[in-house]
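The chain that follows stands alone, in the form predicted alone, written as structure tokens.
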């Protein structure tokens, strides 16, 4: 019977008689909501709709509910404190330390990724509660068109994170995101205070760092000459460059600096909420989507969204970027246990040393 069915299917494929949804995950049904801080998600959203044609998007036609990591974490912690179900079924947040918190508090459903140890570039939870799914890369950036102008003012373009904070010529001319709002900026501060101590925050304050600008606003500060250098996610720069290239414009006033003391890589995770706490009680569907996100096909979409892939077999890089494995070799490590256990202390030191 199975042989006969296989023969019929082959014949139907040859004749083009099968519906478009056949041979994909059509048995995955129900509704799904994914909390994400990934701001370029449209391609992945559309791919999930095609791969899982009978799965219903739970957010106005989309599977994704977007927000900055800090805002979404605050919302989830409020829901946990209230003792009620969360308003999502999955997470794709930027800040991996939150995975440790959610696992410890019993909100995550384990799932298996086949051959995870062989295929993944980054560590994953030994119990299967979280896996890396995309790599955000924190870098510096500057405006090459203004090199001569800054030099005349005696301002040095930094080559490292250390220079960014400690070179007095940059005083009043640097910007970054607020680590109390941005998960990736928080990860960067964890890494840099590990490497250089809390004194790094004192140096940022002495250099009068601006810290409330969004990625697009920070880019504008570089282009206008308000800032000489910014700390920013690589994806923000790469997206801007490709968007302009598609309009037929070459970007000559924006360039990535890969710091000499190391980039800061944030292997953001994918997590499935247990049925006890999920919005749609649909962990099986969420697991299927999570597993698909770690396929080569889905990881290519991660590259197209200007982030690096976590999968070793995906050899490409985001638009106009550099080799992922080379970045890993020269990365400043992030202690995710410290990021979780000492979050209140680290953010308190930021307040005390930078903002007050």
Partner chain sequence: MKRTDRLPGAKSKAPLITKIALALLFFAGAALLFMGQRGREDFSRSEYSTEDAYRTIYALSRHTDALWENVFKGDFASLGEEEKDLRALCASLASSLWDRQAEGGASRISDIFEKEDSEDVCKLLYPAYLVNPPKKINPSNRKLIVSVPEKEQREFRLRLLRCALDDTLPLPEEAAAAVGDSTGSDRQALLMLSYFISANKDAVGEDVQAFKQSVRAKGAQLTAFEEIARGKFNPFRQFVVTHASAVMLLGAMTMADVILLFAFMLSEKLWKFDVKWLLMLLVVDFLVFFQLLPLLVMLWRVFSVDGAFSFDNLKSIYTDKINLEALKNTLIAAFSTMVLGTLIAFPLAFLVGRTNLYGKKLFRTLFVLTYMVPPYVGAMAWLRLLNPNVGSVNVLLRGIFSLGDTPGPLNVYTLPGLVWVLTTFYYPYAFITISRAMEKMDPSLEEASRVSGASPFMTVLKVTLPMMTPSLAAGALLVFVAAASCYGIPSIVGIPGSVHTVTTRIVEYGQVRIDDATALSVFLLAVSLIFLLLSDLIPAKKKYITVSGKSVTPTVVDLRAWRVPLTAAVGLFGVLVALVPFATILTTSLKTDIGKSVFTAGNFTFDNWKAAFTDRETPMCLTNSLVYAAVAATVGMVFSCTMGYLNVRTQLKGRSIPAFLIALGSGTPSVVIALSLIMTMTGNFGVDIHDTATILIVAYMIKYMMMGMRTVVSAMSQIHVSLEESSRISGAGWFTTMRRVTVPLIFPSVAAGWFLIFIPSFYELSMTTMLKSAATKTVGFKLYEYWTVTSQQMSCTLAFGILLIVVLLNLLLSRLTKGRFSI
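Residue numbers count along the first chain shown, from 1. Computed from a predicted structure; not experimentally measured.
Unshown form predicted in complex with the partner chain; subsequent notes refer to it.
**Student:** 107, 148 and 312: each with a heavy atom within 4.5 Å of the partner chain in the model of the complex?
**Tutor:** Result no, not one residue of the spot touches the partner chain.
**Student:** In the model of the complex, which of 327-335, 313-321, 37-45, 291-299 comes within 4.5 Å of the partner chain (heavy atoms)?
**Tutor:** Of the stretches listed, the one contacting the partner is 37-45.
**Student:** Pick from 199, 260, 112, 284: which residue has any heavy atom within 4.5 angstroms of the partner chain in the model of the complex?
**Tutor:** Among 199, 260, 112, 284, a heavy atom within 4.5 Å of the partner chain in the model of the complex occurs only for 284.
**Student:** Could you spot which one of 166, 160, 193, 280 gets a heavy atom to within 4.5 Å of the partner chain in the model of the complex?
**Tutor:** Selected residue: 280.
**Student:** Do residue 215 and the partner chain share at least one heavy atom pair within 4.5 Å in the model of the complex?
**Tutor:** The answer is yes: residue 215 has a heavy atom within 4.5 Å of the partner chain.
**Student:** Does residue 59 reach the partner chain in the model of the complex, with heavy atoms at most 4.5 Å apart?
**Tutor:** Answer yes; at least one heavy atom of residue 59 falls within 4.5 Å of the partner chain in the model of the complex.
**Student:** Just to confirm, residue 172 within 4.5 Å of the partner chain in the model of the complex by heavy atoms?
**Tutor:** Yes, residue 172 lies within 4.5 Å of the partner chain in the model of the complex.
**Student:** I'd like to check something about residue 178: if you look in the model of the complex, is any of its heavy atoms closer than or equal to 4.5 Å to a heavy atom of the partner chain?
**Tutor:** Residue-level check for residue 178: yes, a contact with the partner chain.
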